[in-house]
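Before any questions on how it binds or moves, here is one chain, the form predicted alone, in structure tokens.
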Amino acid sequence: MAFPKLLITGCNGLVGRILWKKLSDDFDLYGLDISPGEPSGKIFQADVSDLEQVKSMFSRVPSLTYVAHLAGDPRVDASWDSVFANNIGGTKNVYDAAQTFGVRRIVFASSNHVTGAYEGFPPSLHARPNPALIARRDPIRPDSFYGVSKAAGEAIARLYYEFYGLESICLRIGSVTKEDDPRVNPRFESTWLSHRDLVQLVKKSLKADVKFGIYYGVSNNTKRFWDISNAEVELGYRPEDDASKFMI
């Protein structure tokens, strides 16, 4: 039986490498990245800010079913010019190409920084290091131009669903670490997303019956302040890890 084809944009980044290693048993994987990385007939070099490069790459993968869109500038302190070109423009280009070439669904890597200002801006008098539970229904409160760009990406995803029926699951991803260890930053006791839970969440997002949705991606941390109840109900997400167990 042939596996459905999945393109991972930003496949040479941290999250992209984790998914590439863990999704090959369920999908026929292809990659796109601005850096060539390891040579492979299934990984293509392209700049997502260039629509023609993106469309040219998509044309080389016939019958592409799914896209996990991770590519862009991942820096929280990135400049407006960079996130405008790479995150907003790049996301629009990926959705444009996906619609043109008949992709069924995109899992879009949004970010917790879409609502990061609920945590405050230290050393502001209004800083709240342990905010109340933040739910999907709460208004966006970006903490950076990066957060703004990810909010714009969610809006682009919604537009392409409404206009073209291109399905999208937007994941406001928490803190993923290279060594899968939350102890590198005190904040991660609340915001950590383990590799195992990340892979589970993406798999369930690709296969869920939901046509469009926005969900927080975080492990089952005792101190988490993002509501994942809609991901549990609608996607069947069951996170297995808790950052607090590392802190003992």
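Position 1 is the first residue in the sequence shown; the rest follow in order. Being a predicted model, the structure only gives us computed values, none of them experimental.
The next section is about a form of this same protein that is not shown, the form predicted in complex with a further copy of the same chain.
- Not displayed here, a further copy of the same chain is approached by Glu162 to within 4.5 Å at the level of heavy atoms in the model of the complex.
- Residue contact check for Pro142: one or more of its heavy atoms lie within 4.5 Å of a further copy of the same chain in the model of the complex.
- In the model of the complex, at least one heavy atom of Arg137 sits within 4.5 Å of a further copy of the same chain.
- Looking at Val176, you'd find every heavy atom of it more than 4.5 angstroms from a further copy of the same chain in the model of the complex.
- Residues are counted as partner-facing when one of their heavy atoms sits within 4.5 Å of a further copy of the same chain in the model of the complex; in 87-104 these are Ile88, Gly89, Lys92, in sequence order.
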